[in-house]
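Single chain ahead, by itself, as structure tokens, in the form predicted on its own.
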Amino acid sequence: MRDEVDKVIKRIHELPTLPLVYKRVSDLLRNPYTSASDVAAVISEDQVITTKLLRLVNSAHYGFSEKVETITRAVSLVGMQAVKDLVLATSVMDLFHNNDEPGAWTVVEFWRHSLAVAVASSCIAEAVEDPHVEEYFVAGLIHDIGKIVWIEYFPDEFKDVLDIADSNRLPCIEAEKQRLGFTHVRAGRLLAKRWKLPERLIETIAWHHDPRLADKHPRFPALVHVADVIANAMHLGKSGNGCVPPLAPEAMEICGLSPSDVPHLLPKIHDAYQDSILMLSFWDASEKQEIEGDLSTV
């Protein structure tokens, strides 16, 4: 088992680093005199990220009445911190590309689940009147980045994990412990540290299954944990779980959500998910048509 753990750690260090544009934007935001045009100038140097970022900002998630056509305008509308987080999101999404997918569980299904958790996280943040709605969206989007390691480098082992979870009706994390002795949250934490992500995101990735263990930002993993359970219960995408994961009893209290709030959130999450998955599509036209067909049956 120790050999398997060593292989996982080695593979994490082989994964590509995040694009230089993310580091440069992060560095800029440490300077209190940085302007929106400074941030826009750096982002605009990368045409791929620019295109995807504008698509994100013009999605139904934001609902701006007029089309946002420049990065400078995007930064002005959503704020520099939110744009930095969206640059991170688009960079991470580019890693979801492995063609050797483990069985019926696909990267597209994983992306749908990640997006569902992002949407649910932002809906919950709005419901509890948290001012950091966009940060929760990104935290939800990348909460399972540890699974990138399995997708990219251990597809056969991960197929075994999915089979164990499905046949025994287990959460994916429990099946990982049985098959790999190493979980996606531990892999994700190591990857997030290597990428030097903000501490709130590292804690979300590390503790979204057990938010009471978070030291400094417990509300982030707690809120994403609740969003993750809801997304699984609503069958939005596929997370690899063989059952709906259990809700940590302290999570609702930490994020300030009452059980009576949840039924009112479900229709909003459902509608926001349908809108966002179409507008945030980074796939070709045939795949988008397939997704539209799938959504018509939800």
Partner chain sequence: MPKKIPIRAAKVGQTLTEPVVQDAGQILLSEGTVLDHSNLDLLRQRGVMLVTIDDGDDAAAPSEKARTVSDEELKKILLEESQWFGEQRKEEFMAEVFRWVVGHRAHIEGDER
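Numbering follows the first chain given and starts at 1. Worth saying up front: this structure is predicted, and the values here are computed from it rather than measured.
The discussion below concerns the form predicted together with the partner chain, not included here.
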Quiz item: Is there a heavy atom of residue 58 lying 4.5 Å or less from a heavy atom of the partner chain in the predicted bound form?
Solution: no
Quiz item: Does the 4.5 Å heavy atom contact test between residue 129 and the partner chain in the predicted bound form come out positive?
Solution: yes
Exercise. Indicate whether the partner chain has at least one heavy atom within 4.5 Å of a heavy atom of residue 73 in the predicted bound form.
Key: yes
Self-check item: Partner contact for residue 213 in the predicted bound form: the partner chain, 4.5 angstroms, heavy atom
Solution: no
Exercise. Note which of 266, 41, 29, 48 lies within 4.5 Å of the partner chain in the predicted bound form, where distance is taken over heavy atoms; exactly one does.
Key: 266
Exercise. Quick one: find which of 154-162, 182-190, 109-117, 130-138 has residues within 4.5 Å of the partner chain in the predicted bound form by heavy atom distance.
Key: 130-138
Exercise. Enumerate the residues of 235-249 that have a non-hydrogen atom within 4.5 Å of the partner chain in the predicted bound form, in sequence order, or give none.
Key: 235, 241, 242, 243, 244, 245, 246, 247
